[in-house]
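Laid out below as structure tokens are two forms of one and the same protein chain, each shown alone and named structure 1 and structure 2.
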Structure 1
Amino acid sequence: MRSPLIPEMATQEVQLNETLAHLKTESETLKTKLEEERAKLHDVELHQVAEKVEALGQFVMKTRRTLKGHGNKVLCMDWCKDKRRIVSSSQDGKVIVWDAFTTNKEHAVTMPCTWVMACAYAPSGCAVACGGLDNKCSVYPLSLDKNENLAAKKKSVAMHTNYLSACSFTNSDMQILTSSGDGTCALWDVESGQLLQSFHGHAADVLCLDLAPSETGNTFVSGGCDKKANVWDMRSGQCIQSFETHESDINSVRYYPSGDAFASGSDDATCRLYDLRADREVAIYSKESIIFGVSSVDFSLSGRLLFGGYNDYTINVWDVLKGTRVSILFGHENRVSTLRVSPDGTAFCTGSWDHTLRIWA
């Protein structure tokens, strides 16, 4: 005898599928409407507005320092607020703190795992955070005693269910923001390791994040393998803006110095600029001759230049307003994996799969 429940369950399933299909079409219609509204506001291109702006003259930037000491690919780096020290992490499992001026190594920590994909300097300069394939973010306090065993003071702060792709301290040493291959970002309390807020909205690995520059900034932007760049409210955990114009993974996002826009770099070989007030993409930085992905982007202090580290071993320098390339820098012998402009804007540092870091000015 057949259970009377079977036809009932089947009809329920059909109804469910119908509702789902209906909701899907509804969301697609709303998406199209949104795009139409956005297009109405799209009246002029950035480079057209900037036509009257004076072109940039020739400028010479070259490698001023080379930092050697990692035994494998350099994956991430960050500047200390003192404008002098740098922390870098590598596939060899090492995290090194350098004096960029003398090229001396001040501290070195060997992590329990290789592929240390993320590292960050604390605002006070008294600690560094790092993590990677161990799925967590660890904070190491730095002391003036060079012989001290840093590993003994290690504090595990964040736990994800997949690799850690990026981390950044907020405006204090007390909170840290992380992004992960598990598709989420999260805000943690450093002291207790408690999860303060989690951010769900990416449909795939989150690869990068950047905090809004203002002191009161309670927003951050993240980019990932779902080709989306999302802007989040840190207090509510809500995604407040989303941009989906890249054609491949977004490897890097960086706020414009004023906080009103951000740039992204992607495997689709383009950098793009998104204006948050206009709620749309306002510029694409690309050339037909550039076919390799962008691993990392950062702005000059004025915001006029955008530096991009590429997988073809080069650094391209773009005029943000005019959308043209103003310089191409050679030096690394493998792909450039990370790039950061120093806090005072006088130099920038790149890390590469050629095991070295370079300071350019």
Structure 2
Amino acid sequence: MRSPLIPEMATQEVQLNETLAHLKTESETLKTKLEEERAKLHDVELHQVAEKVEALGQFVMKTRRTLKGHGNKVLCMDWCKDKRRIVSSSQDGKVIVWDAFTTNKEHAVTMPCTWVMACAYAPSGCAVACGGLDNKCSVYPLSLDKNENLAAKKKSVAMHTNYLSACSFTNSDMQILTSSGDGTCALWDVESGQLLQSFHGHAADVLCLDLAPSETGNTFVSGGCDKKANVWDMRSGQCIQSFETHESDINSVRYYPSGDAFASGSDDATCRLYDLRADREVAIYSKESIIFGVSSVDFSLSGRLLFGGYNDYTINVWDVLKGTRVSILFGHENRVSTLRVSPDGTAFCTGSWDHTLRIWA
């Protein structure tokens, strides 16, 4: 460090260092206060309150459909609101739209990049969004004419300075929310490509996001490599709440159907439930025998079941209230990378590094 040449500069430098040290102490004090405030609410555990709830019976869930067609790892998938169509994206650069009832492919687009890590279906069912290593999120209107070249109508919407990790349309086809390896999330206007709001606060790559159910208002949750899950106000760009209890990257976040809580899945091999009104973690879903990371989580319609896709090729099904595992599902021949329950809750779909997607019910 260069030493200041002039005495006044030396004094200023010392003052700045003092201010910095003072602010750091204030930070630490506030963090301790935050933990104390959260601890005051800890009068009971969720699973204790849930003791009086009837235990769940045996589950028979198996693969009902296998979607084959991708040439490489499936990285992401999303359901259409019509409860039968699915969009999936892969490391091979392809984005495919499937009819999950018949397993037919309805559309296919080749992206100019490999590792298409994110894809999403528009609420209208008339378009899909996707992106990945190209650092962008692009929207493709779906044509009824199967022969039409979808790539010709492509619209570039989001621009990040690192890979796109996740994307989601908001309540309409008009806005898209994105998360990126550049550490930020952003809200974009699809028509103009304009940045409407950006969300800064993660200290590393943001890996996932989920929008609150529409009845709950304008918030969303994001998870990142900084082990934090942040809840954001979409209008102000403000981080409202932050949770840091995971011990590694958070790969997936999903709201509980009522909007009052959210679940997360992490490389630390656990899933966790955070209640937003209690402002703390209220459950951990883990077992000593489960040592591989969770890539993706989603709730069943009532919120009673939590499905987790794991890097050990399995799906673990958890009783959200009691904290116990109710089932383990086998079938994929490589990591499960993505998992979503269908809009009417009749099935859930998984995508895997084994190049396939499976529908389970």
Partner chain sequence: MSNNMAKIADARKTVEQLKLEVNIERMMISKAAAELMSYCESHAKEDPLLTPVPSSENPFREKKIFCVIL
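We call the rigid core whatever largest set of C-alpha positions still superposes within 1.5 Å between the two forms. All figures in this text were calculated on a predicted structure; none of them were measured in a lab. Residue indices: 1-based, along structure 1.
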Item to complete: Name the structure that is the form predicted together with its partner chain; the other one isn't.
Response: 2
Discussion item. Would Asp344 count as moving between structures 1 and 2, using a Cα shift of 2 angstroms or more after superposing the core as the test?
Written reply: no
Worksheet item: Taking the rigid core as the frame, how far in Å does the Cα of Val14 move between structures 1 and 2?
Response: 2.7
